[in-house]
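Read the single chain below, which is given as structure tokens and is the form predicted on its own.
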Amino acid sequence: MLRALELARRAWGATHPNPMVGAVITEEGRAVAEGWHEAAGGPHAEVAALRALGRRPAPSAVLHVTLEPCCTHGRTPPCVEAILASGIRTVVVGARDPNPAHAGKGLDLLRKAGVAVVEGVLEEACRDLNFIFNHWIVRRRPLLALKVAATLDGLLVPSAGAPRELTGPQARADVHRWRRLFPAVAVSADTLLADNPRLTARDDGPERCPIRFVLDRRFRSAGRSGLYLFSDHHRDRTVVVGLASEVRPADAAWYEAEGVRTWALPGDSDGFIAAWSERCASEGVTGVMIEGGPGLSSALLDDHAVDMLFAYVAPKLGGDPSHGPWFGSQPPILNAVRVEQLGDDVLFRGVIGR
């Protein structure tokens, strides 16, 4: 199952809206074939492994797969049918399909056909691999994850004259890794204008550009030249999100001329994030990492508007206190917490409790 997880991660960020899945076939305890789901619409991991085997499995064959095999027709036929047709008699599964309409049904069909099923092997790791998919398939709205890089006392903005980056190179590289996973990233207009970010994934492998949202209620960024998000060769991946009541024809024309999309949302400021999330859902955007500054971060947390937190904490105190801490009036409570050391910094990742 560890090898199956490694295989699944080869498709990091490439399978949305589908999950990442890996599969390994063993005979007499030795791996003889493997596969993974490379992209939505392509062969599923189980089918890829069976094709890689290229022959009928031996009687001792065991299929290990990180996610419960599908049992309904989608863009590809059900994997349960392929498994039964192959003659494999033992299947080891990491996590169940989280879709309430499917959960456990694929395993039930295998068992009814006489296949021995072992489930729950490395379940937590297999489930965590697809936290974006799991949220989307159950709730039918995007997972909104807040990312901050802070000092020990919760400040996000360095003091005057201090280095611009609070965290070290390993933590910054890890942010790029998550940008490669998430279908979209977002910043506020304040962060856009102050930092001029690129918001691309520039870690190992070719540069990847997710959808780049600018949360700009009043379209203050219109007419601002020299910004990467409005001028680089990925600018067609930039979407400026504001209120329909605030957009002027001249601003809309400027964005269009720059090749930048706009979403003018109905309603007012109080319902802005909810309206944006609904629009993301309608566009099939399954998850967004919001790279928040102090104002946006605290507002999102106070409004209970985000589902997950990525907090990179540097072992230092002090920053610019005029901007205040990132966690607003009440620090969030995290569930299912994962802690990772990244050089001198620490990443705390977890689901925000309600």
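From a predicted model like this one, the values you see are computed outputs, not experimental measurements. One rule holds for the numbers: they count along the sequence shown, beginning at 1.
One more form of this protein, predicted in complex with a small molecule, exists but is not displayed; see below.
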V148, C79, A171, A222 - the one with a heavy atom within 4.5 Å of the small molecule in the predicted complex: V148
Selected contact from G319, G287, P294, P57, since only one has a non-hydrogen atom within 4.5 angstroms of the small molecule in the predicted complex: P294
Contact at T191, I273 and H323 by the small molecule in the predicted complex, all three, heavy atom at most 4.5 Å: yes
4.5 angstroms heavy atom contact with the small molecule in the predicted complex for D303: yes
Contact of D195 with the small molecule in the predicted complex (heavy atom, 4.5 Å): yes
4.5 angstroms heavy atom contact with the small molecule in the predicted complex for V157: yes
Proximity of C280 to the small molecule in the predicted complex, heavy atoms at 4.5 Å: no
Candidate stretches 212-220, 116-124, 257-265, 103-111, one within 4.5 Å of the small molecule in the predicted complex by heavy atom: 212-220
